[in-house]
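First, one chain by itself: the form predicted alone, in structure tokens.
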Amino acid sequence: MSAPDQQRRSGIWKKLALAVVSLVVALLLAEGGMRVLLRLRGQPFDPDKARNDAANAISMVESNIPRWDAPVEQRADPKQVEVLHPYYGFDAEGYIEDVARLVEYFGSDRAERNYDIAILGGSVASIFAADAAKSLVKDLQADPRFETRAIRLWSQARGAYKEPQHAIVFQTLLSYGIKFDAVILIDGFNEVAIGLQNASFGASPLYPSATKWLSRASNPSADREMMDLMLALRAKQSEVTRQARRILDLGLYRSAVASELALGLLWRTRADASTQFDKVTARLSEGIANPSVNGPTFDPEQGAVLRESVGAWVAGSRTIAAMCREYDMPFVHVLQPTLYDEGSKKLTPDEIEKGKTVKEWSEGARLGYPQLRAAGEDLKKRGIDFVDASQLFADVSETLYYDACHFNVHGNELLAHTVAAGMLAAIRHHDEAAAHR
């Protein structure tokens, strides 16, 4: 090779090296600049939060119970595959399969040795059972009653469930011969929010969630427009999942620049999926192929709908309490906190942005929660151990909610202390009543 050729190649390599170095420097400057900018905005870059945002996007479109910290590995949780159910309206396959395991356990000596607590409610109760189990058990075991007895929690809460589903679930478990040592019910939001949304579709406020029930029970294949809308929705949800998994698999959440760009695109895609979901619900509200699945006629006036929903909530609590008395189980009923209950928390910008939801949900919480609190006081007068946790976050300034009703691990741990205190009080009242019988 001649000297001029060597010089030319050497020059090319130097230019390439300079370009690579310049690119690396530019990327580092961009990364550093983005982190400074985010800090100046009061939102310092947090790779764990970016990762959780992506994982949450998957959970919100793939799961019946949306989890903030859904594992990346979660591809197809059998508990999330929903089917029609003869008693509950709809249920997930995993819960149906679990019944045989529960029957076997409660027929064994292990159930006699342990203290088994059932947790009933909707998705908030289900997530609570997962996120706050250690905190709840720790608080309970501080009581002398549990010094030598292991505590085991059994979540029988389902996403989008509300009364009378909770009471029916509990009665069905009793019918199988499953007897817990105590019962915790955490609910309130779904009753007023879903009840109001059901009414907007022309479905009974007391029927199962219309967005799940009507689309399954009304033979949507007979409605070509509904089928087209649902297929389009699934396509948009799949795109959300694809983008989120790319962020997780490529580790884009580790970079402020990459995560800002990728998550920005992800939020726009989620917004498209949300808009498509609104089209599906709008089609449901126009009428369905089999109107008989709407349930009995009802007064559609907003106040009447909320009164009926709160009435069902009260009836559910009294029914579960009565079953627990008959089967000798302590019972505590907890009114869960929720984002749109006015004055229940000083909302952060992140909570306001991610808490956007349909009008019926926000109005249901705003107008229904005062009624739930008042009804809860009446439950106390009836001797039911009722705990009003609706104002639990009133003095918390940090971000807890990641959508219109679900809160993160810290929020669930705060709730655990309140639930544990309520459970211990219920056990004490139960033991006192037993001593006087």
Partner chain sequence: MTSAAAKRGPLLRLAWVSGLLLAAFVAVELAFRGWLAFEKRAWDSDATRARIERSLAGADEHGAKTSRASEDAATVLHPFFARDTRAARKELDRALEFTSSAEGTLAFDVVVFGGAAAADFATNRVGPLTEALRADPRYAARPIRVWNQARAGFKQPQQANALAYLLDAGVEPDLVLVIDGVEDLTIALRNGRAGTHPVYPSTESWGSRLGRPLNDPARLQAVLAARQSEQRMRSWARTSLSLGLAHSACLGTFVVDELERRLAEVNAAQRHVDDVGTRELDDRAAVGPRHAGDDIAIVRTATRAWFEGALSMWAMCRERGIAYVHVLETAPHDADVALAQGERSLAGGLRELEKRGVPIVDARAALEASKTAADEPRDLGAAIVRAHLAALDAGDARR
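Numbering follows the first chain given and starts at 1. Keep in mind that what you see is a predicted model, and the values were worked out from it rather than measured.
A second form of this protein, the form predicted together with its partner chain, is not displayed here; the remarks below concern that form.
Among heavy atoms of Gln165, some come within 4.5 Å of its partner chain in the predicted complex. In the predicted complex, its partner chain sits within 4.5 Å of a heavy atom of Ser175.
Residue contact with its partner chain in the predicted complex: Lys279 places no heavy atom within 4.5 Å of it. Using a 4.5 angstroms threshold between heavy atoms, His85 counts as touching its partner chain in the predicted complex.
Taking Ala142, Ala315, Ala304, Leu250 one by one, only a single residue has any non-hydrogen atom within 4.5 Å of its partner chain in the predicted complex, and it is Ala315. Here is the short version: of Val99, Ala150, Ala271, Leu265, the single residue with a heavy atom within 4.5 Å of its partner chain in the predicted complex is Val99.
Only one of 134 to 142, 87 to 95, 231 to 239, 152 to 160 lies within 4.5 Å of its partner chain in the predicted complex by heavy atoms, and it is 87 to 95.
Residues of 313 to 331 that come within 4.5 Å of its partner chain in the predicted complex, judged by any heavy atom, are Ala315, Gly316, Arg318, Thr319, Ala322, Met323, Arg325, Glu326, Tyr327 in sequence order.
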